[in-house]
Structure formats: structure tokens, C-alpha cells
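The chain below stands alone, shown as C-alpha cells; this is the form predicted on its own.
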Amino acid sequence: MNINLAQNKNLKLFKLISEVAEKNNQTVFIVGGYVRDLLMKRKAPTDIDFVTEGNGIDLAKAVSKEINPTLKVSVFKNYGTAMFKFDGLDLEFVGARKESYAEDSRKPSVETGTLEDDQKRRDFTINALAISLNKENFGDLIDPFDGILDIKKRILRTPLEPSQTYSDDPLRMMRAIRFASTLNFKIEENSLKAIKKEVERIKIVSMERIMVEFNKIMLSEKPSVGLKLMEQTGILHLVIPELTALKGIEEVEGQTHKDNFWHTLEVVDNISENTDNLWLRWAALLHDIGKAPTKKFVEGLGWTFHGHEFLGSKMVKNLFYRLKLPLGTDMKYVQKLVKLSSRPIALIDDGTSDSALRRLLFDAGEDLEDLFILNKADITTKNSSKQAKFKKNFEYVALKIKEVEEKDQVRNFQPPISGEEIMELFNLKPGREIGILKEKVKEAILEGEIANDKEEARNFVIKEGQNIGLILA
């Protein structure tokens, strides 16, 4: 089968690589994801992998020199690979190789091989496809494992025996699940059994590499596809046991509670319809993690999860640390949304005070809209009338908050009187009194005792300062 590359926007580049390889007496092939996505008519990736039955580093240097002698080539001698950037593309060249693995490592021992050897070491048949760039058969598709058929059937299958494939490099288990989620493919039955069998091997993979694949699952159109497969194979329990701890329904005195694990997956899918923000999706994933440790049956009340939002937000830090996720702004954002996740529900009552609305505005700040996206995603009832009622309630709260915000301006609150101004009023040096008075001003504004106004705040500070024995300068 020949792939007509005449209309491919990279044709000139492919022709140049073909000519350079011929001059160097080397063969060259496009391999991997670029070929797969080309055949699937997906958006072309910006990274293209080339395999040569020869020295990949030498070919990369020769090609880059032909394009532009000033191009910088990054060389990775241990892996026999070299790469450079050109025209918005990441081009990587590697010599065809055979691989063998030690039991305690996913880093292979490598030796020179043929294109066939290189295709055998690939993770899935759909990624083992190659297109020849050689003069005698330019554009020919080389498909020794029926990858084209698997694309048509939308299945993920390994070129070699699946247990060996996953045992050799356990990251491939996560990649299988990621491709199932992002491409909407099924993992072939024997392959799925092999993942379950080899699941413990995932422990030798660095958490950073696992999270790269996990975040791609989280960014897929319907993350629950991948999350369910992770749960089904046992990987999720090994990686994020805080989530699998939410599984199950208990019954006491005829009273049950919903299964918070499957509810969480619904929430993640719901929120994914409305945002591509990875960390907002993470907030949806973790919004109920505090429910497993706070679950309690109370006589007369039934099942309770008191304080689960507060505990859940504290759990986020340890979880991010263990998963090697960023511990700065992104983590604090997720913590904040988990902690506030139930607050808007409590404000639906008509009797809600303006001070409660002001406090939510103050606490949520610029993330208030994201909090409401999370709240709406949290509505998983299948009863359409209930669903409509809940959404209408949130719109009502949003309207009330908007009114308070326009009046009191407390979102992203900045004190109307500064610490320096307070020091000047009472001729004070920096000290605890300044912090006490600033906190009193904030509380007075949030409680509606004074307006968010400089003059009112100044008069309030004078009064409160005198009450604690301070004398005006």
C-alpha cells in the first residue's frame, strides 16, 4: 500500500531527508504517531519520528546541515537519538534497534537492529506503522502487524505477546489507557488481561512519567473512559488510592448513600464539557476525596460527611506531593476549589445574609466563576426536573452575588486603608497592632458594619485603635 505524500505539507522536507539518507547510504522511514494520525486523518502532530537502518545521530546532523548549518542538534548518545526543531516541527532521528529489559528497570539494553526489529519493540500495532522515504519505494506503508486493520476496528493491540510488552515497559499500560481515552479505542481483550496481570510493575515507573499520561487522560474529551480502565485494571488503586477509597455503598437501618467514586467520574465528565482547564478538572476529580475518611452514620440523621471539604483540601497537598504534581499556584487553586466546593449550596436559601455572600466573594476571589462551573458539574441527578431546579438555584445565587459584588466590591479584596496609613495615624512602628486593626477592618466590611470605603475605614480604625489604648498622632 502506498501513501500519497504529494499533498502533504511536509513533502519538501520528506524529499530532502530521502535525498540526504541516500547520499549517506542509509534507509529512512517515518514511524509512530505521525503515521497513525495521518492514516486516521487527525490533526498532524508537530513531532515526527524517523528511523534509519544506520546511525540516527549521523543522519540528523546531515539533514540539519542541509537545511541550515546553524540549526542546533540535540544529541542523546545513550539512546542513539538526535533531534532538532525546524519550521515549527520537532524532528527526531534514531537508529533502528533491538531492545531487552532487566526485571527491575524499564530502561532497555539496546543493540543495532533492522526496521523490523524496531517495529517489534513498539508499544501498539497502530504505532508500529512506518512509511518509507527511500527512493525506490517512497511512500510505501510498512505494516507487519496489521495496524491499519486495528485502526479500522479501533482496537489497541501489542505487536508481540502483551504480558511481555507490558512487563518490559510498564508505562505502556498507562499509554494503552491514555490512547483508549484520547482516541476512543478499545483495549484488545488479551491486552487488557495482561495489564491486570502485570499491574504491580507500574511501581517501577517514575511518578512524573505516570502523571504525564494521566494528565493526557484528564484532558481527553471524556476522562471517565481512562479513569474507569485505570480502576478496572487496578492501576488507579496503586496510583491514587484516595479515589478508589470512595467506592462502594453502605447501608445501615435501610439508609444508603451514593457511590462517591462513580459520582466523581460523572462530575469530571460534566466539567470536561465546559472547560479545558486541567486543574479545574483536577478539582472536580478531588472535590469529594475527604468523604471516605469523614463518612459516618448518625442515628436520626443518616450518613454524614461533615467537614469533608476542609479535610479534602488538606489532602490535596499530600496527594500533589506524592504524585509529583506542581506544588505552587496550581495546587493552591485546586485546594481552594475543593475547600469551597459546597459553600454555594448553603447560600441558596432566601434568608442568606449579604455577609455570607461577601465572604464567599472574598474567599473565592477571581476563581468564583470556576467554582460555579464545578458546582454545576456536581449536579449528577438523572431526574431532569431536579437538575433544572438545582441549576436555577445556582443562577439565583450567582445573581445575588453579582448584586453584592457591585455594591461592596469585595472580590480580590484590598484593604481601603493600608498598614502604613494606620502607623501614621497612631505614630506606630511595625507591630502586631497593625495586623489586628487591618483584620478588624476586613471583618467589618465583610459583616456589612462599614462600607468598603476609605473614609469609613479610617474612622473605624481610629475608633478601634482608641478602644485598644492607641493615641492619635
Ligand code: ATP
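All residue numbers refer to positions in the sequence shown, first residue = 1. These numbers were taken from a predicted model, which means no experiment stands behind them.
Just so it is clear, the following notes concern the form predicted in complex with this ligand, a form of the same protein that is not shown.
Though this ligand is not shown, can you say which of Arg157, Lys291, Arg358, Arg172 has a heavy atom within 4.5 Å of it in the predicted complex?
Looking at Arg157, Lys291, Arg358, Arg172 one by one, just Arg172 meets the 4.5 Å heavy-atom criterion.
From the list Phe214, Tyr166, Phe179, Phe320, which entry has a heavy atom within 4.5 Å of this ligand in the predicted complex?
For this set of options, the contacting one is Phe179.
Heavy atom of Gly33 within 4.5 Å of this ligand in the predicted complex:
Yes, Gly33 is a contact residue.
Does this ligand come within 4.5 Å of any heavy atom of Asp47 in the predicted complex?
So Asp47 counts as contacting this ligand.
Indicate whether Ser313 is a 4.5 Å heavy atom neighbour of this ligand in the predicted complex.
Because no heavy atom of Ser313 falls inside 4.5 Å of this ligand in the predicted complex, the answer is no.
Is Ser341 close enough to this ligand in the predicted complex to count, meaning some heavy atom within 4.5 Å?
No, Ser341 is distant from the partner.
Work out which of the listed stretches, 47-55, 61-69, 434-442, 421-429, brings a heavy atom within 4.5 angstroms of this ligand in the predicted complex.
Contact criterion met by 47-55 only.
Residue by residue through 121-148, which ones have a non-hydrogen atom no more than 4.5 angstroms from this ligand in the predicted complex?
If the 4.5 Å heavy-atom criterion is applied to this ligand in the predicted complex, 121-148 yields Arg121, Arg122, Asp123, Asn127.
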